[in-house]
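Just the one chain here, laid out as structure tokens, in the form predicted alone.
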């Protein structure tokens, strides 16, 4: 029997998990960046102070990179609050999560620890181990030069090689470097061809210094672009009269590919329909993995109202998550139907438009008698307001008291005012959703948000996720 305190604790942890998955401290459609950061900062401190062990465990739950960095920073800044047994688990979680973060974000985190004057033994060991695991120290020295220098100075670590030390702290000491990348950086200061041997973001600065035309630069640097850089720079290359870098869309992550698709003009999406649809489907098949075709009958209610535009800093992000979820659910289900709030049926041409008649679309979905209804929406039901909640209440209490049809609400937008993602109805489990690829795990997690499970079950779930997370192979 769970105590009242345990139920409150479980609710607090789930509330934080929703925030840690969706919130990035950036402006959303209904709230500014300041409100987002203030609300998120309060949640981090509240959970760390009251449930430190569970706070650390959320690193294994798919929280986004922004919140993972905040959690790691808070755990290291307040290391003296942890018991010895907690420190071992925290250290393992931090080390494992750092390996999954983009390097630039890790170096930024190390810089924040330096500015906060956090230099305890555990912090130095974590930074040392992460640097030792980096596959190409010369690449880091060129691409993340200032970050690497700051990390080495902060931890009083010596570079792995003397040449690397000279490159970082006395670059004029040598007339030549044995490492090709380091020497290319040296030559790029006065020799234009050398800059095309460097990573794109470093070469970009040298190209500006040498006055190289943007179009010519993009054409010559194309072979060195990463997959995401190839996607990001296609439109820029065309705008400067250069040939767009070839991008292998079939290998792109599902949600990233959905964002790319929605950024294209409608006419281009029509022209490239076969290519884009095939790429989205291939990404969805990869994301579904062994669960493909095992979810029975599924109906999705997908929000493409005007608020799915997001904000200037997260442009079309909620709509991209809905589009990616649409393709993933089609692969997970044996039989699948989609219901966009706009009433459109062509997912590839989706764009943010009009109000949010969620209630009507939920009715349409329930009429198909599915095993599962998945609602992907920011939760602002306004045409008419509150209809979705009433439809779901009547369906649950009068038409389907035996819960033959499960309903799950996945929300990609953090509501700073309520410290949570906005919910549709009390009886419908709601979970935050960052990337559609996390959808299967979040549908499982959402069952805890119904208020019928307590801290013991949630703790067991977290323990299992932590064990699985720590046992994963590092990349």
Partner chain sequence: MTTPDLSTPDLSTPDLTTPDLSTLDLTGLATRPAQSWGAVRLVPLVREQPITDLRLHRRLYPSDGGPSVVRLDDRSTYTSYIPHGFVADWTRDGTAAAAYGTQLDVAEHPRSVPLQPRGQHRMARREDRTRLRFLPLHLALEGYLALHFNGPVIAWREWSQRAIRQGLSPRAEEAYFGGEVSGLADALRIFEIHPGQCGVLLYVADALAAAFVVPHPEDYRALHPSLLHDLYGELVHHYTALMLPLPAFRASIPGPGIRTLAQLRAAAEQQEREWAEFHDTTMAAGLLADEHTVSTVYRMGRFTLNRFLPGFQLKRENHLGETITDEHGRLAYLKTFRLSENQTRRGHLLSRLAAHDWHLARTAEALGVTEAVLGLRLESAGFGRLLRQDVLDGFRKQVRAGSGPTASRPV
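Positions refer to the first chain, counted from 1. Fair warning: this is a prediction, and the values are worked out from it, not measured in the lab.
The form predicted together with the partner chain is left out here; the points below concern that form.
Trainee: Could you spot which one of 307, 155, 405, 259 gets a heavy atom to within 4.5 Å of the partner chain in the predicted complex?
Mentor: If I apply the 4.5 Å criterion carefully, the residue I get is 307.
Trainee: Exactly one of 216, 278, 95, 383 has a non-hydrogen atom within 4.5 Å of the partner chain in the predicted complex; which residue is it?
Mentor: The residue from 216, 278, 95, 383 that makes the contact is 383.
Trainee: Using 4.5 Å between non-hydrogen atoms, is residue 394 touching the partner chain in the predicted complex?
Mentor: Residue 394 belongs to the contact set for the partner chain.
Trainee: Examine residue 399 and determine whether its closest non-hydrogen atom to the partner chain in the predicted complex is within 4.5 angstroms.
Mentor: Yes, residue 399 is a contact residue.
Trainee: Contact between residue 360 and the partner chain in the predicted complex at 4.5 Å, heavy atoms?
Mentor: Yes, residue 360 sits close enough to the partner chain in the predicted complex that at least one of its heavy atoms falls within 4.5 Å.
Trainee: Taking the shortest heavy atom distance, is residue 354 within 4.5 Å of the partner chain in the predicted complex?
Mentor: Yes.
Trainee: Just to confirm the contact call: exactly one of 385-393, 132-140, 196-204, 326-334 touches the partner chain in the predicted complex at a 4.5 Å heavy atom cutoff, so which is it?
Mentor: So the stretch in question is 385-393.
Trainee: Mind listing which residues of 363-381 have a heavy atom within 4.5 Å of the partner chain in the predicted complex?
Mentor: If the 4.5 Å heavy-atom criterion is applied to the partner chain in the predicted complex, 363-381 yields 363, 364, 366, 367, 380.
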